[in-house]
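Coming up is one lone chain in structure tokens, specifically the form predicted alone.
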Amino acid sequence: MDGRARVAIVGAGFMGGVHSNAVRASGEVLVGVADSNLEQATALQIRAQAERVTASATALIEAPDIDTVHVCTPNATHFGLVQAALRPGKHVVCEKPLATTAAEAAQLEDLAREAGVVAAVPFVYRFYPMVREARERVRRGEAGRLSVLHGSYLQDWLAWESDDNWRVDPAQGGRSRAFGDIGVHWVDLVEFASGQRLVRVNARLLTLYPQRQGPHGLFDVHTEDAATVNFETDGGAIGSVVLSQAAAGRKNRFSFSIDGTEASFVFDHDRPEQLWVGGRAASQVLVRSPEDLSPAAAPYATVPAGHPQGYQDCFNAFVADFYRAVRGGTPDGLPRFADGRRAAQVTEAVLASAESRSWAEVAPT
């Protein structure tokens, strides 16, 4: 053995491809790809130059020459597959949501802790250098007292009645879609950058189409297309976020503003190379430049200024930090299973608030 991790990718869809790219970039060995659709699995195996392919996720997970498993399958399958990987003590990266309920997410967090393995959830937007820069400046107290946290996460891939995806089905994707799929990314990012946690939420959910047109005809829709969430934090700030998967023209546009008494920080995914810093006397736009960033952010600026970094770069940085942790390192800000559990708890509070049309408490982690 040469010290490199021997990795299995379970799930050969879009996310399986993203994970395989990151595994190869980190220099690990991609041993196998598993997917019930063997044709899709074989296509990824060829693209990613994996050693073997199988239709059996269990067989690959349990293989003795695998030490790390990346779970990239539909949400409802995560709990069982992650359990199967943790029992023999394998390291795990599990796509979010970690599980479709907070109780199951807590079980997986406990299992990972008992197994003594590294277990992570790819909240990869943490790995944009300008997000790290905002976080570091807030940490240093440059924002002063935080008052309002706000922003949005908008997509359009489910804007039409004829748009369909397995995530629409709660049996596969979970009870929440817009919040559970993209809202948790926004909350994780703002909690990460601000250092404050949501403690109470007041949410409203919108299902744009009570029925959608699928391959087998019309079907009833029981998950939300859009949401608004007002919240309070443990640091005394208030805030709000607007979420939609049916906002025409918005492909993957998220932004946040962390507003303080001394400075405000705005990150916009449409301009990921920039961080807007607002001050009472003057404001400025910081442009990603490795030599000008703080020591906390500079390591994540992996290409020279003026050469854009993007989503795959973030994913590569996340996976690199994950394997650094596997080898005994302590990378700052690696999203662990505790963060996956946190996302499930916030999701359940949002659902409870929407159902009661009142404020709901977020369970403490």
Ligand SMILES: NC(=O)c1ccc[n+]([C@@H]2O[C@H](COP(=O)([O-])OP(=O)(O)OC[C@H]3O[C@@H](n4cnc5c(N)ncnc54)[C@H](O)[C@@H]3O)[C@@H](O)[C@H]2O)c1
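Worth saying up front: this structure is predicted, and the values here are computed from it rather than measured. All residue numbers are counted from 1 along the displayed sequence.
What comes next is about the form predicted together with the named molecule, which does not appear here.
Taking the partner from the other structure, the named molecule in the predicted bound form has a heavy atom within 4.5 Å of a heavy atom of His78. Mapping the unseen interface onto this chain, Ser36 counts among the residues with a heavy atom inside 4.5 Å of the named molecule in the predicted bound form.
At a distance threshold of 4.5 angstroms between non-hydrogen atoms, Val53 is out of contact with the named molecule in the predicted bound form.
In the predicted bound form, the named molecule sits within 4.5 Å of a heavy atom of His185. Taken together, the three residues Phe192, Val241 and Cys314 all stay farther than 4.5 Å from the named molecule in the predicted bound form, as judged by their closest heavy atom. Shown alone, this chain has one stretch from 269-277, 255-263, 90-98, 107-115 that lies within 4.5 Å of the named molecule in the predicted bound form by heavy atoms: 90-98. Residue Pro122 is the only one of Pro129, Gly174, Pro122, Gly151 with a heavy atom lying within 4.5 Å of the named molecule in the predicted bound form. Scanning Thr223, Thr233, Thr73, Gln245 against the named molecule in the predicted bound form with a 4.5 Å heavy atom cut-off leaves one residue, Thr73. Looking at 149-169, the residues that come within 4.5 Å of the named molecule in the predicted bound form, counting any heavy atom, are Trp166, Arg167.
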